[in-house]
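One chain comes next, on its own, written as structure tokens: the form predicted alone.
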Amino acid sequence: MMLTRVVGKGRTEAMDLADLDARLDAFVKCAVDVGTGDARFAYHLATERPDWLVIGLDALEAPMGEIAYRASRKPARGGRENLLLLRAAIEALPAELAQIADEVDVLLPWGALLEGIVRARSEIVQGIAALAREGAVVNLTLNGEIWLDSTPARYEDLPVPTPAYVAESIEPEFRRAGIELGPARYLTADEAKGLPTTWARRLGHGRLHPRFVHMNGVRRGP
């Protein structure tokens, strides 16, 4: 199966396993940003960790286009050779991506990814777990802000992801998938404002106590 790489606005190209393996071999570790959206967080990670391969993964290619174009430029003009943006749905993870990640990040997910985590749907949780090799760190940050003001219609019946709800309904499914999550907590206002994403700046602005629920986990061995 070929992977679909986003290389610019409205532009994709096929990528085979040999190309992916060569990229993995060129860097010391690999981080995967699941539901990367506009890929700004993935770009931030690639900038902060030049010796890591950073993969941004999303089912929609269009939002990644701008960052994909920037990453393809020369380093002096914002290029990032260690950033790879792929179009793929986590619930239908390509086999080539199994167990490649030393770190998996899910930062303020939206749409089906948010619903899948909050509902602890096995296909979503299993997809996240499948990315992670043994001992990999898994970071999850959920956005509880959308329930505070005008909740989008699609989320009206979705449970609010409080730390207590995470412990009761989300953590057990991750444990079954092989990921041991630590206790969930709310981020402080400074932590929330410091998240390098468009959503964090938009949703955390002006809140004394932003409802961003964060948890860390580790991928167990077989």
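Here the structure is a predicted model, which is why all the values come from computation and not from measurement. Heads up: residue numbers just count along the shown sequence, starting at 1.
Not on display, but discussed next: the form predicted together with a small molecule.
So which of I124, L85, A71, A101 reaches within 4.5 angstroms of the small molecule in the model of the complex, heavy atom to heavy atom? Checking each option against the small molecule in the model of the complex, the one that comes within 4.5 Å is I124.
Can you work out which of L108, I117, A130, V138 has a heavy atom no more than 4.5 Å from the small molecule in the model of the complex? Of L108, I117, A130, V138, the residue with a heavy atom within 4.5 Å of the small molecule in the model of the complex is L108.
Does any part of L113 reach within 4.5 Å of the small molecule in the model of the complex? Heavy atoms only, please. Answer yes; at least one heavy atom of L113 falls within 4.5 Å of the small molecule in the model of the complex.
The small molecule contact in the model of the complex: E91, any heavy atom under 4.5 Å: E91 belongs to the contact set for the small molecule.
Tell me, yes or no, whether A189 is in contact with the small molecule in the model of the complex, where a contact means a heavy atom of each within 4.5 Å. Outside the cut-off, so no.
The small molecule contact at E171 in the model of the complex, heavy atom, 4.5 Å: E171: no contact with the small molecule in the model of the complex.
Tell me, please, which stretch of 163 to 171, 28 to 36, 44 to 52, 177 to 185 lies within 4.5 angstroms of the small molecule in the model of the complex when heavy atoms are compared? Only one stretch passes the 4.5 Å heavy-atom test: 28 to 36.
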